[in-house]
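Quick setup: the structure tokens below cover two forms of a single protein chain, split into structure 1 and structure 2.
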Structure 1
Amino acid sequence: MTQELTPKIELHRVGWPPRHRPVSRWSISRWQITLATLFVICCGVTAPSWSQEARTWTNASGKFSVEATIKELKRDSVVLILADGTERTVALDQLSEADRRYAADYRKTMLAENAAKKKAAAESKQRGEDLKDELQSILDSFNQREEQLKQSGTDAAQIRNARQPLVQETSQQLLKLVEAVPQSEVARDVYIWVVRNGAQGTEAATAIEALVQHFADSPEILPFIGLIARDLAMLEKLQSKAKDKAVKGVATFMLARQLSSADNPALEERVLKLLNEVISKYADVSDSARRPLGPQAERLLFAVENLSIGKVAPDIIGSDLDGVAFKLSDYRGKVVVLDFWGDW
């Protein structure tokens, strides 16, 4: 079929549609684009691979045609992307017979691909389930060998040293076991095992990264955020990904704490923003030690604003060990070492 002028230009040339008539579905209004975009955002389905190439779409009368790829097929219309990147929604009953057949094929393929995806996800989950026995046997073997170590070891340090290679070896086995199903529950249990048992190096990094990647929303990772927080980049990723209120709250607080520890004035604004977010949204969330974040964030906020290098120290009004009242500010004009100490 010969490529004709796009409908848009055609419209201008022949003045179609006439203004007194209802606007044809070939013309495109801002609200249609908006609606289409909204629809795609909410329910968008990726086009099957075979449909990615541009083809010529023609209307039922054969008068108008346009080169476009299909973006999305709805119940009674199709969203097209034109060569210039603009989108256009066209009612199916306005299309030529051939286009309607194409749309029908497209729908069939799309449904099949979606079903395949669902099936793959279910299978992945199932495969994860199938791994449970194998997981248990690896763990049993670990426990058995750990027990032997405890029996044969002479002191705690020696047992610890001998245990580490065992943890690394077991971590390797476990990670390999769930490699193909990184999003399954079994995989999550593996990552947590690896982290909890103090694996180091590649194994620990792999497990932490996978937890952040796939389980940022899983409350099960709460006790391990402290470990994740050792790697600032991972903590930042977790903080931005998490939607679970507890995970998000704890990660936000930890990120603020981590960033504030450098006492870097350039980071102060960001730290204050994070802390205010904790105070306004996550005050009632508790950390892994069951302490609510609100008061902790308030204290840290005070510290950042008043106890950073370069700030005037807050006054202390109290009594000495003999019960005599005095103030820290009594010592203005002197260099002061303020030493929080205890005899223990």
Structure 2
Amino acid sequence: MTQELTPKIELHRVGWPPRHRPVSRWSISRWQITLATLFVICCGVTAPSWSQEARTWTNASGKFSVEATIKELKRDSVVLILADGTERTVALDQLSEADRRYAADYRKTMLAENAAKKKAAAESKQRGEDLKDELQSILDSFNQREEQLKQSGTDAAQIRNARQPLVQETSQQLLKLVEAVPQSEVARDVYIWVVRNGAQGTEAATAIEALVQHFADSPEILPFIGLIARDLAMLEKLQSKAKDKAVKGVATFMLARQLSSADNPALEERVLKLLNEVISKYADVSDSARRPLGPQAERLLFAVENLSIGKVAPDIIGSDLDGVAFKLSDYRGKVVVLDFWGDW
């Protein structure tokens, strides 16, 4: 009995910050808190995911109830997330009296929490402003010592080797300087300096994690997404948190590329979804080398769909040594070895 075989693909691998005009602590806090409060009142109150708890919601007649958590509390309605993940918007006047009281208390609590967060962020920003002179002093010291190394007369390799301990020492000073104000602009500039100057070990890991945690929406993070991508968990966190179009697009493409390189068929569906998202939403976004993501995602999509291990090989048309035309599909059911080579 002859069994027809479909040609399969088998792949083998061979082996520093500008100075800003000072702003008073009071002016920042007063206006930011006022604007934040007005925004929340007008647009609704959204709770952080960690504060959501499922409860039973009942309508005014008491004849209908549902288990759900609050997603958003608006002026006249509440958006609920049901147990199956679907959303339902319910007018407040259709809820039971107990639920309306709960919603009112919830609104007061979240208004207070949001105002407190804005106040803390404003105070953190002001404390960061107060650190700028000290930051500049540390950087001036680094620049001076680096210049001394360059003028020492040693070769480039020796200078690089001698510079690394200086980078590590300066990175430790800078990270300690901003550890109490991790969300400030000064802290962001510190994290970028640490990564850009090639810090290693704990210092580099701390800076990258802080950039992802606090500045996922900052365009300044774009040149470092390649470094972040070395840690898949960190890259997934960035892709999930980012809302800036450029950061979101590059992180999504990098995540798809990282997952596709694992050659794991179980990840294929997720990779395809990520690549199609890049093509539909971020095709015009460019990576750090100014290359548009759209064509890159399309090429990778073709490779995943057609050139992955276990896929049916795309048909190839050519001529043999005698000039006779042939197609790869002519050899279906036979063992075929393809030898791709080039000469430049």
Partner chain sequence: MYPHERSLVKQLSDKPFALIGVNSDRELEQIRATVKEKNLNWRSFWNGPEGTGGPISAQWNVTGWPTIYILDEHGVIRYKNARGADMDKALTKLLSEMGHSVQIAHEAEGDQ
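Here the structure is a predicted model, which means the values were calculated and not measured. Basically, rigid core = biggest C-alpha set you can superpose within 1.5 Å across the two forms. Here, residue number means position along structure 1's sequence, counting from 1.
- Assignment of forms: the chain in structure 2 is the form predicted alone, the chain in structure 1 is not.
- In the core-superposed comparison between structures 1 and 2, the C-alpha atom of Ala283 has shifted by less than 2 angstroms.
- Taking 2 Å as the criterion, Thr86 counts as shifted between structures 1 and 2: its C-alpha moves by at least this amount when the rigid core is aligned.
- Relative to the superposed core, Leu211 undergoes a Cα shift smaller than 2 Å between structures 1 and 2.
- Taking the core as the fixed frame between structures 1 and 2, we note the C-alpha of Gly318 moving 7.3 angstrom.
- The two forms line up on their rigid core, and Lys63 then has its Cα shifted by 23.4 Å between structures 1 and 2.
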